[in-house]
Ligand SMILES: C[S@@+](CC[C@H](N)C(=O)[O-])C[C@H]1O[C@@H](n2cnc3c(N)ncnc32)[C@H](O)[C@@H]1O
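Next up: a single chain in C-alpha cells, the form predicted alone.
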C-alpha cells in the first residue's frame, strides 16, 4: 500500500464502499476490515490514477456502464483460500455413503444422472477433488450422466481453475495414488508444477456466478451442493436468502455442504442437519438413499 497519507480511506469513504460491496456481492464487511479494503483497492486507484476512494466510488457507481471496474473490484476484494480435499469428511461421506447408495439406487431402476455443484470453486481445488471422488467411485464414468458445475464470483481464480496447473506444494494435499492417476508432472521450467488430466476436466464446467444475481442460469436440480466458506462472509439476512435458494436448487433428498465454521442455526430453510456441516433436503428419502447414515 502507498506510504504516508496517499490512498488512505476515510470513515465516510469506507461506509460508501462497504455498502456498495454488500449490495453487489453480499459480503458484509465489519469496521475492522477497513484496512483490508484500503490495501486491496489501493492498486485499483493506482491503475486509474485516482487520488481518493471518493473518486474511485464515483467511478464504480457512475462511470462503469459495462461493469468492467466492478468486476476488477470484486476480484480484488474477495478471499480465495482453498485446498485439495479440504474438510475431508465431506469427501469421505460422498465416497463411502452417498455415491455407493446412488449406484445401488440406479441398479434398481433409479436415475443414472447426477449433478454436483461447487458454489465457490475458487482456484479449482474443490471441484477437482469432487471429480476425483466421482471417478474413483465410477470407473465406468461414460456409462453415467454425471457433471460438476464449478462457479465463483472472481474471474481471476476461475481462469486459474480452468488452467488446472498447481504447484508442488499444493499437490502435496492430494493422496499419492490420486496424484499419479489424475495429474501430469510438469516438464522443464514447469517441473515444480502438476497439471490436471483431461479425464477430470471433462467432468467440470467452470462458470462465473454471483450468488447475489436475481436469476441463476442453471436448469435442473443438483444432488449435492458444496457452498463452503462462502456464507461466512454474509450477514444473517443474506445467508438466509442465499441458502434458501440453494435449498430450492437441490433434488429431493439432496445434500448441502457448508464450511465447518458455518451454521444454519436459527434459519428455517427446510434443510435437515445430519452432522459434519451437512444438511439434507427434507423430502421423504428414496429407499436406497434412506440407508445413508451420518459419516463419522
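Positions refer to the first chain, counted from 1. From a predicted model like this one, the values you see are computed outputs, not experimental measurements.
Although it is not shown, the form predicted in complex with this ligand is what the next lines describe.
Novice: Exactly one residue in 107, 142, 168, 81 has a non-hydrogen atom within 4.5 Å of this ligand in the model of the complex; which is it?
Specialist: For this set of options, the contacting one is 81.
Novice: Looking at 179, 195, 71, 212 here, can you tell me which has any non-hydrogen atom within 4.5 angstroms of this ligand in the model of the complex?
Specialist: Exactly one listed residue reaches within 4.5 Å, namely 212.
Novice: In the model of the complex, is there a heavy atom of this ligand that lies within 4.5 Å of any heavy atom of residue 153, even though the partner is absent here?
Specialist: Contact with this ligand, yes.
Novice: Taking 4.5 angstroms as the cut-off for heavy atoms, does residue 115 touch this ligand in the model of the complex?
Specialist: Judged by the heavy-atom cut-off of 4.5 Å, residue 115 is well away from this ligand in the model of the complex.
Novice: May I ask you to check whether residue 25 falls inside a 4.5 Å heavy atom distance of this ligand in the model of the complex?
Specialist: Although this ligand is absent here, residue 25 would touch it in the model of the complex, with heavy atoms inside 4.5 Å.
Novice: Answer with yes or no whether residue 230 is in contact with this ligand in the model of the complex, where contact means some heavy atom within 4.5 Å.
Specialist: Yes, contact at 4.5 Å.
Novice: Considering this ligand in the model of the complex, find the one stretch among 187-195, 95-103, 115-123, 217-225 with heavy atoms no farther than 4.5 Å from it.
Specialist: Partner-contacting stretch among the options: 115-123.
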